[in-house]
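Next up: a single chain in structure tokens, the form predicted on its own.
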Amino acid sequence: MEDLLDGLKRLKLRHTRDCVDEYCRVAATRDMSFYDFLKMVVAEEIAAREETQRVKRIRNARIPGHKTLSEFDFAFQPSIPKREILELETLRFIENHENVVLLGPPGLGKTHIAMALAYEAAVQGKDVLFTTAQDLIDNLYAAMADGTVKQKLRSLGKLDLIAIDELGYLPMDDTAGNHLFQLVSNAYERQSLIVTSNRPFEEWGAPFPNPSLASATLDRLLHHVSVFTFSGESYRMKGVNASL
């Protein structure tokens, strides 16, 4: 048995090594042929590796919570088309390297939808990052400090989907604006972005350091895009208003 366990370890068949005793009991109980036994072991090892990769993708995506579109209250938010939002869950927009922009005041469900789409993409095998705009900018500043900003941008460019939450809440200086432009430019027709913002497009010049940089960023972001504009009452005030 020790030779078998050592061989499985050297082959990096961790799940099979951990479950070898159980597999032997199952084979004896079912009187399995060698072919069926081997088929079962291989299938279990593949399933275990796929689950490990799924968990790793979700962890690496850094989604701050588990949200789904099935939990979203479309009845409370009639300003957006339910069928078009649910279509995004097919992830065809990622396959086509298209973007999604969610606009509107705070508390209307933009982040919920962005998180749900990011989670679904990670589950379905996509490499994803969910981040606030401020955290993204802070991380790129940190990369500047140790001279790795180019490597960081290249790493971000390898992802299938980047979800950027809360763009426009805080103003950007020249460096931050240029970093965001580079990210959007690198993503253009290569990967997909989800962007949420509390500002309509005509106000996007405010957080950017200059209008030309805002225009160039928008030009690339909006070429292949689905835009959804939210309006109405805040979810966070739903219970409060109901009690008044």
Ligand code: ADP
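Note that this is a predicted model, so its numbers are computed, not measured. Residue positions are given as counts along the sequence shown, with the first one as 1.
The same protein has a further form, the form predicted together with this ligand, not shown here; the description that follows concerns it.
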Checking a candidate spot here: are 89, 99 and 121 all in contact with this ligand in the model of the complex (at least one heavy atom each within 4.5 Å)?
no
Using a 4.5 Å cut on heavy atoms, which of 73, 174, 84, 146 is close to this ligand in the model of the complex?
73
Per contact check vs this ligand in the model of the complex (non-hydrogen atom within 4.5 angstroms), the hit among 108 to 116, 150 to 158, 89 to 97, 131 to 139 is 108 to 116
Just to confirm, residue 235 within 4.5 Å of this ligand in the model of the complex by heavy atoms?
yes
State yes or no: in the model of the complex, is some non-hydrogen atom of residue 57 no more than 4.5 angstroms from a non-hydrogen atom of this ligand?
no
Is it the case that residue 179, even though its partner is missing from this view, gets within 4.5 Å of this ligand in the model of the complex, heavy atoms only?
no
Suppose contact means any heavy atom within 4.5 Å; which members of 161 to 192 contact this ligand in the model of the complex?
none
